[in-house]
Structures are given as C-alpha cells and as structure tokens.
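Presented as structure tokens, the chain that follows is alone, the form predicted on its own.
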C-alpha cells in the first residue's frame, strides 16, 4: 500500500521528528490519519505519540512554526493540541492502560510504542508511521493491520472480550467503522460484541448518540443498524427501534416487518440526501407502529394514528439520546407527523384544496417531506409499487404547479391577528381566532384569492356575523 502524504504534511512531520529527536523522544503518527490515508480518504486530524512527554513536544514544536500556533493543553489527560494550516495535531506520550470493571476510564502509566498500540481498538487503527531519522516513513504494524485493510476487515489487536470489556464504546465503534468503511467484522470480534453487549450500559448517552449519528450518516445506514440488532446492542441503547422488529400473525394474516421496512426507507433517503435530520425522520417515521398495532377482523392489521403518536414520541427519544431539543427536533417531528399525507392524497382525486393544505402545513420542508414519501414506497408488489410511484409523480407535479401559482410555501394569511384587533378595537380573544381561521380556510379551499383585498372583505363579513363593528375614526 502507498500512503499519500501532501507536501505541507511531510514538512510538519519532518519538523515534529527533528523536534522530538532533540528531546530524545522517538515519535510516530498513529491511528486514524494513517488508516484513512492508506484508504485514500482525506483526514485533517493527526495523532502523534511519542516515547516521552507529549505536552512538552507540542510546546517545543510550536516555537518552530510560523505563525506560532496556540496550544490547548489537557494536563489531566497528558495531551496537547495545536492547529497548523488545515491540520489539527494532537500529541500524547505513549502509555499503557488498565481498567476497572465498572468504568471505561483507565489507570494510565508511561509505556512503549508497543504498549500504546496494544491499547488501540482495532488493528487498522494501531498502524503507526515513524517520524524518526533512522526509519522516517516506515510503517510499524505489529497486528497485520495492513493485511486487514486490504481484506476490509475489522479485528481487535488483543483478545476482543478484553478490548470490549475495557472500553465498551469500542463495540459501537466497530459497527460504526464497518458501516462507514464497508468493512466486515472478524467473526470472533463480532461474537465478542454480543457476549459483552450489557457492558454498553456504563457508556454515557452522549457518546452512544455520537456513534449512532455516524452510523446514520454512513453510505448505507442499514448495514450498521442490522449489526446493532444482531449483536443485541440495539435493544439496550434504542429499545423503541428494536420494538419494530418481528411479524405477528393472526387468523393467517401477517404484516410486514417494520424494522426492516424502516431500514429500507432510511437507505432510500440516504441515496438522495446527506441531511442527517431527514435520515432521523426516516428512522423514526414508523416508530409508533408497535403501540398502535391492532387487528381488525375485516381489514387485518392496522396502525391507525401512528404518525400522530410518533410525532409525540420524537421529543422523548431525542431527550433519551441527547439529541438537540431545538428546531432540528421540531423538523423531525413535523416530517414524522406528515409522512402519510402525500401518499394519502394520491388515493383519491388530488384537489387543489388538499394540496394547498399540505403546502401550508409542510412549509419550507415540503421537498424533504416528498423525499421521505418517495423513500417510503417499498412494496414488493411490482404493480402496486409502479402505481404508487406514478401517483407520487402526479402529486409532485401538482405541488409544483400550485406552488408556482399560489406562492404558498411558508405562507401566512394576509390578515393577521394584529390587523383584526386594531380594526375592531379588541384584544386577544376567541373572535380573533374565528376570523383568522375563516380567512385561512377560505384561501386554502380556493373560495377567495391569496390577497389582502379579498381577505379583508371576508374579515368584515365574518366580523358582522359575530356582531362586531369597525372601530370609528
């Protein structure tokens, strides 16, 4: 394998090597940067390990760089970080670690390069490049990481049960790297994840969420979520998603497995967009199917209201996973609530009024909603799938036509509550809401145009019905 080092990277590596030599510290590039460059992936994060004081090495190096970079020092962890051009470089002294069973925070002591490589999570992350004069650029590979890169294989350097028990987050990292890189996991390593799955309970929700985000952002997220399911991790870290799995049969009638359907929808969405929050909406769109599942003797299995309950569940799931409880959560909540609406419109004649209402409710997120809707067409019945797609295309065309004509995206009625209160000299009241609703519904139904004049005329007509008179003067 050839590692492609850019000129300014070679320059900084030479400078680090010279600085380390003056201090008497053998130094190496290690970990993700080496792995990614061997895989022809870009990387701006560089980890330097030295046999000595990593903080002192960073400080001495900074005096040689121009402009002199600021250093962030973390004495508690024995690390230092500085930025040089487009690179973030972290320095640490080589160490060996030992773990207490109920904690992933190790007891640390100084060690050799071999000790440092032993503590790495996977063989492909234990690869190191020498920055020392006698063997500059030589790859140090004690665990056959180069071979595993070629084999696209994830394997732990030491016995996997110890690796995962010491730091259970590594189980999620194995699955995340597998999803990101398209690698398989060594069978013994994979089996150890299942055996040690309960150790994941000592990991914080924030760290779990970070790994889930990266799995969801991978080229084919289903690959990661299936491994989470197979190893038993999913039932611990995301029980609501795990609950989608399985098919119940009653009177000879079954329903589709909503877990695998959901993953298919996520993969479909991922082909069209990198928007992580749209991918979350795809992952959660059917999340309320288990609690809404009922069997009807006439029509079989139903999931009535799962979109409404699903929207209600979104904030709780975001809170559990330490995801942001802001506009991103509300965006996901909206798409979950509306995900049935587009296909529902295609089951009957598509009226202008229904499309206007969809545009009004979806607002600026209408395009993302339609992407989710298209991704949700997963029927194995070829005729049904073709019919759904034709109806989808028809609806999309109708939306574009009405959007162009009526300008309803992010639309607000031309008569506001403030105008109504000022016109009739009243404060906030039920009457204001009645008039606003009448105007909005009339415009959405196409009874009046989307303009101030017609809306104002209707305001007076509705006010008259309520016995309200215009303020004099």
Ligand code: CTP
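Positions refer to the first chain, counted from 1. Computed from a predicted structure; not experimentally measured.
If you look for the form predicted together with this ligand, you will not find it shown, but the lines that follow are about it.
Colleague: State the residue from 173, 289, 227, 197 whose non-hydrogen atoms include one within 4.5 Å of this ligand in the model of the complex.
Modeller: By the 4.5 Å criterion, the partner-contacting residue is 173.
Colleague: Ok, 207, 256, 394, 341: which has a heavy atom sitting within 4.5 Å of this ligand in the model of the complex?
Modeller: Flagged contact: 207.
Colleague: Look at the candidate spot formed by 31, 35 and 177 and say whether this ligand comes within 4.5 Å of a heavy atom in all three of them in the model of the complex.
Modeller: Every listed residue reaches this ligand in the model of the complex, so yes.
Colleague: Please determine, with the chain shown alone, which of 259-267, 359-367, 378-386, 119-127 has non-hydrogen atoms within 4.5 Å of this ligand in the model of the complex.
Modeller: Going by heavy atoms within 4.5 Å, the stretch is 119-127.
Colleague: Spell out, yes or no, whether the shortest heavy atom distance between residue 186 and this ligand in the model of the complex is within 4.5 Å.
Modeller: Close contact is absent here: in the model of the complex, residue 186 is far from this ligand, nothing within 4.5 Å, heavy atoms only.
Colleague: Examine residue 167 and determine whether its closest non-hydrogen atom to this ligand in the model of the complex is within 4.5 angstroms.
Modeller: Residue 167: yes, in contact with this ligand in the model of the complex.
Colleague: Can you tell me whether residue 374 touches this ligand? I mean in the model of the complex, with a 4.5 angstroms heavy atom cut-off.
Modeller: The answer is no: residue 374 has no heavy atom within 4.5 Å of this ligand.
Colleague: Please run the contact check for residue 337 against this ligand in the model of the complex: heavy atoms, 4.5 angstroms, yes or no?
Modeller: Taking the distances in the model of the complex, the answer for residue 337 is no, it never comes within 4.5 Å of this ligand.
Colleague: Using a 4.5 Å cut-off on heavy atoms, what residues in 213-247 are near this ligand in the model of the complex?
Modeller: Counting only heavy atoms within 4.5 Å of this ligand in the model of the complex, the single contacting residue of 213-247 is 214.
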